[in-house]
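First, one chain by itself in structure tokens, the form predicted alone.
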Amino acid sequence: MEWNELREACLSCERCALSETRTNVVFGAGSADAEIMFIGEGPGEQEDKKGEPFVGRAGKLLDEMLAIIDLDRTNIYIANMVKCRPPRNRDPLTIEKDACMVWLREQTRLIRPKIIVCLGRIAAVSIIREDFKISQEHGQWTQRDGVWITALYHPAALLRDPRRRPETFDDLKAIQRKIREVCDHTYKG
């Protein structure tokens, strides 16, 4: 599948029950040739309304986090594990994540990122390892098929518990170092 074909297919997806309650499919946003891909768990209320990832309070914090390491939404790609909002912002069910995985895999295949940053536990256990412990393993790197992968606390978790921000700052700076090490055209300031 090519990018536009993938997007159109995803926007009309009815693979799981989330399609019955969504306002909009949140396909993703950013540069389709980004070297860095951020992956969250799923859309919240604001994202469902607008059809864009990370546009609520957590999105504003994510923008601030990106700015710390000289990134913005124009030079990364942001996606989610599931493309439709789970009711009452509950964690996505396994059946929902499995139904959506085809979209995320295709996005990743087409983008071919050099770095993937999982935003929160849900993304990390789906992408890095099933027994991943975000509180113990955030900021650690693993490599799979030539792609460097790490996880940060989800911005929504940082809004609930600001005490985690200093360690997230350290993780962000480690991401910045990895960008300088492995990326070709992403800002290297």
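Counting begins at 1, following the sequence as shown. This one's a predicted model, so the numbers in the text were calculated from it and none came from an experiment.
Unshown form predicted together with uracil (URA); subsequent notes refer to it.
Novice: Is the gap between Phe54 and uracil (URA) in the model of the complex 4.5 Å or less for some heavy atom pair?
Specialist: Although uracil (URA) is absent here, Phe54 would touch it in the model of the complex, with heavy atoms inside 4.5 Å.
Novice: Should His154 be counted as a contact of uracil (URA) in the model of the complex, where contact means heavy atoms within 4.5 Å?
Specialist: Heavy-atom contact with uracil (URA) at 4.5 Å: present for His154.
Novice: Tell me the stretch among 124-132, 137-145, 42-50, 159-167 that has any heavy atom within 4.5 angstroms of uracil (URA) in the model of the complex.
Specialist: Result of the contact check: 42-50.
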